[in-house]
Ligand code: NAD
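In structure tokens, the next block holds one chain alone, the form predicted alone.
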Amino acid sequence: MQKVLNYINGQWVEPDVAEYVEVINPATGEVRARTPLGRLSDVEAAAQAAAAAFPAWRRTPVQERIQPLFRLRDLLKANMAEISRAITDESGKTFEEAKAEMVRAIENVEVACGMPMLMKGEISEDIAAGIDEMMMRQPLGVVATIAPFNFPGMIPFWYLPYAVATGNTYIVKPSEKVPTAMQIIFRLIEQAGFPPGVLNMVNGAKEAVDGLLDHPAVRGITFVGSSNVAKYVYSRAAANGKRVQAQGGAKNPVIVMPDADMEMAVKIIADSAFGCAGQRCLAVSWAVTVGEARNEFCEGICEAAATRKVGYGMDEGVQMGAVISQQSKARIEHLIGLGAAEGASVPVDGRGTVIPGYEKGSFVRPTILMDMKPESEVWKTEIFGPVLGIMHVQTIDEAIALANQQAYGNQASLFTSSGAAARKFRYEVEAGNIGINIGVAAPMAFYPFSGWKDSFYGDLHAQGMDAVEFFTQKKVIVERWPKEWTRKF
């Protein structure tokens, strides 16, 4: 059984705790590790170490701050298989999905290595006679990330490289459900050569989270999780005067037009809805077929759902793994039953799934809820599992109006061969990440991850220039140097 440690001030630290959470492989049911439920004293130690390291790190030239990131990028590439195996065994996704996750993590490190260009300021000469004005960006200080279970390797890297490249010091609080991948990554961080205290890790659950939200040394908080918790994190941290990025839940629609390439649409939408067992905030959750698209799409997506190979993510040929826990499996199955009770039919039903050889696993096969009602609770609720609801309308205007009724606004996608329909959709739909013939509209690291509405609390998003802006504060200087003062010297 792997021991889960904290990493504070350049040292591996065994927390002095009595309570632990078991880390269970969702596919096998085996206990892999135990996460210590860290106390406020752990947060205090990490915050003090980060605060002590900040003055020297902030004064380190930016071209020197990025050198450990270059080394970390190479270490992440060299150790991708080990990290990806840990992600598969703690989160349930397939090995290929885990590797793809780490590719996106590395991409963010590479973008942050451009920080000498990204954080440059501005200057205007002679705003008045003999007076110049300039703006520079300076780091906040200590910042922290509260990470989710579904992308244990990638999501901390939406923030970590930008935070340290801009001169901040940093604390990671991994999800207590999936701590082992970050144990490997912090061993690589140790090898990369960051000074002690620049990067720290604290394990725990709510007490550790609240400690970070309340600690006076922590100037900024980033979070990814459900909308209810995102709102809590945003409210509590903001009340304590901190900057906050809080990414919430999603209920992402896809509109399928009659002129779509239906074979392509079915394949891509199935990959989006059922990839990572639907446990991602950009997964397609419900499809709206327009007019004559109904029959062909529904026939194709039901076939794709029914034939998807489900099992342990390390086994060859498996296309979808387990959901995170037995509790999650029960919740998903309850919501499928609720959808049926509210009037949807279930032509493909993933409830009661048992995979031979993995009878203790938390498996739910892909599920289709046909003719889901817009007034139903299951339409409003983020299921966060491999469940695709389907609805039918006659026009694209009806479909967009239906999409815009949702409280969430993380992603919306359209499948069509019409440029006019695509332009109308991207102009009118109320979501921050838009896909046209794309099932998972995940922005590259040099663009922001732009959730809207109840999918995001804050102003500046993860990745790209939004991350640079979030992790820095602007200072404006207006200065005059009269000629007679110059002559004195």
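Quick caveat: nothing in here was measured; it's all calculated off a predicted structure. Quick note: we count residues from 1 along the sequence shown, nothing fancier.
Just so you know, the form predicted together with the named molecule exists too; it's not on screen, but the next bit is about it.
Asks: Exactly one of A237, I171, I155, A412 has a non-hydrogen atom within 4.5 Å of the named molecule in the predicted bound form; which residue is it?
Replies: Of the candidates A237, I171, I155, A412, I155 is the one lying within 4.5 Å of the named molecule in the predicted bound form.
Asks: So which of D210, E110, E303, D371 gets a non-hydrogen atom within 4.5 Å of the named molecule in the predicted bound form?
Replies: Partner contact (heavy atom, 4.5 Å) among the options: D210.
Asks: Counting only non-hydrogen atoms and a 4.5 angstroms cut-off, does G249 reach the named molecule in the predicted bound form?
Replies: Yes, G249 sits close enough to the named molecule in the predicted bound form that at least one of its heavy atoms falls within 4.5 Å.
Asks: Using the partner position in the predicted bound form, report whether V364 sits within 4.5 Å of the named molecule, counting heavy atoms only.
Replies: Heavy-atom contact with the named molecule at 4.5 Å: absent for V364.
Asks: Contact between G141 and the named molecule in the predicted bound form at 4.5 Å, heavy atoms?
Replies: No, G141 stays farther than 4.5 Å from the named molecule in the predicted bound form.
Asks: Within a 4.5 Å heavy atom cut-off, is M264 in contact with the named molecule in the predicted bound form?
Replies: Although the named molecule is absent here, M264 would stay clear of it in the predicted bound form, with no heavy atoms inside 4.5 Å.
Asks: 398-406, 201-209, 160-168, 415-423: which one contacts the named molecule in the predicted bound form at 4.5 Å, heavy atom to heavy atom?
Replies: Selected stretch: 201-209.
Asks: Give a yes or no on whether each residue among K177, V224 and S455 has a heavy atom within 4.5 Å of the named molecule in the predicted bound form.
Replies: Yes, all three are in contact.
Asks: Given a 4.5 Å distance limit between heavy atoms, list every residue of 130-148 close to the named molecule in the predicted bound form, or none if there are none.
Replies: Contacting residues: I146, A147, P148.
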